[in-house]
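There is one chain below, alone, in structure tokens, taken in the form predicted on its own.
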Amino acid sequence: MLLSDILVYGLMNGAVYAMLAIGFSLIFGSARIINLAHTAFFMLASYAVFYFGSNLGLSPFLSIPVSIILVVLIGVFVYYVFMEPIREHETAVLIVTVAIALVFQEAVLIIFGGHYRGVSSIISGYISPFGIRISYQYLLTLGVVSLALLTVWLLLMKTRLGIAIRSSAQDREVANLMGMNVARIAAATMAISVALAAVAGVMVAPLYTLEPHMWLNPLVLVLAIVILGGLGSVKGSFIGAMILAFIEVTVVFLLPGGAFLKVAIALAIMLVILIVRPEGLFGVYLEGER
């Protein structure tokens, strides 16, 4: 039963971390932007679905898509106003994205206060296959997140936009000389990146406790994942997310009293791997480069 629990919850956490890390890698690969505000969009989406569902009384089938669309629009606005003008200045981008995340955090603190918030499950109940109790909400979240990851993979591999994103990530100058509008491609990538964070945010909102600092811990994990997988590598982000998620879950189940050490242990193992392979597991910009 212990191995089954680790498998179920490891897959669930890994899928969510993968969505966040892939979004982070996409915008870096396409626009060379290290967006430290990425997980703040995850937080905004969680609070948005809380506001639309709990405060306005909208059904989940309406509040979820509205929240995702709203956060994507905010993300595109932030990109055009604050990031795109300074995109070539990496240090300035880092400072600005941290500032944006803090502005979002303070705005949420002012609007919703510092209290812990919760979102009702979209579907209640659970199943018990082989004696493992799994809530329907976990299964729904895992299914939606997996579908979103598959959609992004198909978009990158099978569509003209995906080819353009991968070409821009490989060599922006050549892509520009071939007539591609790299600025528009970067904006589209930003929208996809924020959408991934927003989908993750709305789906885990019923499973997590909402509070204004909830973006910090995922940001640390996302940075660890993309460094472990290789900065800019989509495949590396996915595998890195699964590795750290399973390490986390294993620590929680095997050492319940030391669960607070789960992130520290995951990061320590990441450091060991990086000592052996400094460029990360897949140290390329996008997997299509090889």
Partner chain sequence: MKGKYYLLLTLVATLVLLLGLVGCTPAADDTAPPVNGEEEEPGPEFDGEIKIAVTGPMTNIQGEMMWWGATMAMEEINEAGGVAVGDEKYSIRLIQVETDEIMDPLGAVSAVENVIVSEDPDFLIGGFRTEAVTPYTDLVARDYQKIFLICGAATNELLQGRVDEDYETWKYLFRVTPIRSTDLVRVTMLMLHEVAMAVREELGIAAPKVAILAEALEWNEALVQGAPAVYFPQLGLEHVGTFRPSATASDVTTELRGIEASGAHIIYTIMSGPVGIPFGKQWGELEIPACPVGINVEAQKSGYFPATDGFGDYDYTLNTFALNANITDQTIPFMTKFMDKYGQVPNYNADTYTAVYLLKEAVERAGTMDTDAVIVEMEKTDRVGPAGRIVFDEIHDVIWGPGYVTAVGIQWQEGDLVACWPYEWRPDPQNAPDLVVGFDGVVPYQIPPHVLRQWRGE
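It should be emphasised that the depicted structure is a prediction, and the values quoted were computed from it without experimental measurement. Residue numbers count along the first chain shown, from 1.
Keep in mind that the form predicted in complex with its partner chain is missing from the display, and what follows is about it.
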item	value
Listed residue that, although its partner chain is not shown, lies within 4.5 Å of it in the predicted complex (heavy atoms), from L207, M180, V220, L155	L207
Residue among L161, A191, I95, A107 with a heavy atom within 4.5 Å of its partner chain in the predicted complex	I95
Residue stretch of 222-230, 61-69, 31-39, 248-256 approaching its partner chain in the predicted complex, non-hydrogen atom distance within 4.5 Å	248-256
Residues N176, R184 and F282 all lining its partner chain in the predicted complex, heavy atom within 4.5 Å	no
Residue contact check: F77 to its partner chain in the predicted complex, 4.5 Å heavy atom	no
4.5 angstroms heavy atom contact with its partner chain in the predicted complex for L139	no
Close approach of G143 to its partner chain in the predicted complex, 4.5 Å, heavy atom	no
Exercise: I86 in contact with its partner chain in the predicted complex, heavy atom 4.5 Å	yes
Residues in 114-142 with any heavy atom within 4.5 Å of its partner chain in the predicted complex	G114, H115, Y116, G118, V119, S120, S121, I123, S124, G125, Y126, G131, I132, R133, I134, S135, Y138
